[in-house]
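Given next, in structure tokens, is a single chain: the form predicted alone.
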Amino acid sequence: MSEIRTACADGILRIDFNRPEKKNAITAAMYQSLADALESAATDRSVRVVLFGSTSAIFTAGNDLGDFRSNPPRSGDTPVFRFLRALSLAEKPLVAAVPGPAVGIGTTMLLHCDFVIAAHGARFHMPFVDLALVPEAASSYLLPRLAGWQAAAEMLMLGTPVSAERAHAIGFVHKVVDPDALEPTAMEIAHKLAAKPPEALRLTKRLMKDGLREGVAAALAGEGKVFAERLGTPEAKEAFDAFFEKRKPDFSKFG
């Protein structure tokens, strides 16, 4: 069973997280599949829209920390960084249907989507600091500009989970719908986009992102460097040890 399920029909490429037994936690192999799918979509004329979703009631729990600890991203050509680059450079419209919890990169990846549809009950959580890490996916650059400094600090510094309704209020989510309306709503938007003149749509998105492109690229590089450095710190070791030992971390000895 593929843990990243892809299917293309009517110009819409579906990319679904499909690892429900692990809450769709993402491994290096899954990042490889995500990167391959996006890179292929960029040059495939039959793909007009990319729609991210899930085969279960959870979007994704973020990184699989066991796999992540065994295969930490150390260079720019690792699967996770390939995926983030492809996501940030995507010229075709990106839509996301979020049925439930979206943790870590499950939230930050949505900052690169053009339309995020969330079900009532979905929650967005970025616990990077709690793991003694730093934000990724250019979220430290994009989120303050989208949601304002205070809301971004709430989500990135405090690591406070926010509801779908709160995410909509701060401009992070396009629509909040009942769970049974999630797929129809996301597909309706994807079909509308797929029916538009494709070049005009790509150029419009490119123009909308022109003022952000350099900042996003710089943030991706800067975050990636600091993130990789943080993985080797005593703080991160304590945070990860505590997670696997199911205890509260003790950061009192760090100054």
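One-based numbering along the sequence shown. Nothing here was measured: the structure is a model prediction, and the numbers come from that model.
Keep in mind the form predicted in complex with a small molecule is missing from the figure; the text below concerns it.
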Note to self: Does any part of Leu65 reach within 4.5 Å of the small molecule in the model of the complex? Heavy atoms only, please.
What the structure shows: yes
Using a 4.5 angstroms cut-off on non-hydrogen atoms, would Arg145 count as touching the small molecule in the model of the complex?
no
Requested in this report: Answer for Pro161 alone: is it within 4.5 Å of the small molecule in the model of the complex, judged on heavy atom distances?
Outcome: no
Item checked: the small molecule contact in the model of the complex: Phe172, any heavy atom under 4.5 Å -> no
Assert contact_stretch over 137-145, 89-97, 180-188, 123-131 against the small molecule in the model of the complex, heavy atom within 4.5 Å, equals 123-131
Residue within 4.5 Å of the small molecule in the model of the complex by heavy atom, from Val47, Leu34, Ile58, Ala219, is Ile58
Answer key, the small molecule contact in the model of the complex at 4.5 Å (heavy atoms) among Val103, Ala151, Cys113, Val176: the residue is Val103
